[in-house]
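Shown below, as structure tokens, is a lone chain in the form predicted on its own; questions about how it binds or moves come after it.
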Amino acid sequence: MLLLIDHLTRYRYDVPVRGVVQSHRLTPSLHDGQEVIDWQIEVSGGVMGGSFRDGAGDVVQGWSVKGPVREIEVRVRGRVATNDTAGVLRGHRESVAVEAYLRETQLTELAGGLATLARLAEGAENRLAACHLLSSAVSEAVAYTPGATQMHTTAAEALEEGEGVCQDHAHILCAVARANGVPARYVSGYLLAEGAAHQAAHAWAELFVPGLGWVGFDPANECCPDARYVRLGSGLDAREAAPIRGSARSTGAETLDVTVAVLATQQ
């Protein structure tokens, strides 16, 4: 499948900022399930800094904008050819030990009802079966409801509410998987949405299965990532895997607008 992506992030400031520094994870991953045909990142008034590939295999690119400015746009356009690998991440080069992904974070701390949910994997035939069982349990426990939670909502809080978005599903799955000794990580990317309820900017989880490696699970859509998905980057949680991270030299307030479109195009 050939996917066309148009991703616009607009920052507005109520008072001019003196400068902005950003770190981007906006370049699609290199693996057997996707190939970048063309890809362009533009930052209004921006100066491109250094870039590197981190231990998780993600491309990190620095940008800076000299002020004073009241508005900054980050625009991503490109085409990615994808194929279905049944969720298995093959051909992805990384050097971080899988055990590093057993760590909890503030957003994925095993609290509230998460321990009870994690115990549903007990008695599973093998690790792959346990991962599928946990993903299904998260889907059933938390209804996909846009706007139900915030960026800083924890996995335990979303589970207690019983509704959330893809970020919450991924956080909860990471938490309960790690509770079972399964390395887990949060993945950010894009999805060719097939319904009004789903967003083109998407997130899911990858769990490590011996013999297969990293396998993606998307509780929000009750499936493993397929050719509709474009993988950008990963981390222990949404904060680490955020496509854009940065800071502005200002004492004023910031307003953020994000628009993402993913379309299937002809080869």
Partner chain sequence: MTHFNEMFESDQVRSPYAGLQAWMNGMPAALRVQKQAEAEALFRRIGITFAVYGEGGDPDRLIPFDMFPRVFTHSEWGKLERGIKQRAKALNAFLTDVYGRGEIIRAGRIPANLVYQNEAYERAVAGFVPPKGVYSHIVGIDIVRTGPTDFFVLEDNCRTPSGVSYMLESREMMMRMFPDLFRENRIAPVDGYHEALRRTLMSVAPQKCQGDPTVVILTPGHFNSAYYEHSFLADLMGVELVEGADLFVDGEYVYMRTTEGPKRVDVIYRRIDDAFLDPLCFRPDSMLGVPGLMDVYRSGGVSICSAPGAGVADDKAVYTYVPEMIRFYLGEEPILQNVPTWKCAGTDDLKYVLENLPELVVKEVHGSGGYGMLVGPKSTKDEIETFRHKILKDPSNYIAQPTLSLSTTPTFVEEGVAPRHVDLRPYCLVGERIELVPGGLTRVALREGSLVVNSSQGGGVKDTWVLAE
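Because the structure is a prediction, the values reported are computed rather than measured. Residue numbers count along the first chain shown, from 1.
Not pictured, yet referred to below: the form predicted together with the partner chain.
- Message: Only one of 40 to 48, 202 to 210, 221 to 229, 26 to 34 has heavy atoms within 4.5 Å of the partner chain in the predicted complex; I'd like to know which.
- Response: It is 40 to 48 that comes within 4.5 Å of the partner.
- 124, 81, 143, 100 - the one with a heavy atom within 4.5 Å of the partner chain in the predicted complex: The residue in contact is 100.
- Message: residue 21 versus the partner chain, in the predicted complex: is there a non-hydrogen atom within 4.5 Å?
- Response: Within the cut-off, so yes.
- Query: Wondering, does residue 246 line up within 4.5 Å of the partner chain in the predicted complex on heavy atoms?
  - Reply: So residue 246 counts as contacting the partner chain.
- Message: Test of understanding: in the predicted complex, would residue 69 fall inside 4.5 Å of the partner chain by heavy atoms?
- Response: No - in the predicted complex, heavy atoms of residue 69 and the partner chain never come within 4.5 Å of each other.
- Query: Hey, in the predicted complex, does residue 96 get a heavy atom within 4.5 angstroms of the partner chain?
  - Reply: Residue-level check for residue 96: yes, a contact with the partner chain.
- Message: At 4.5 Å, heavy atom to heavy atom, what parts of 226 to 261 sit next to the partner chain in the predicted complex? List them in sequence order, or say none.
- Response: Contacts from 226 to 261: 234, 235, 236, 239, 240, 245, 246, 247, 249.
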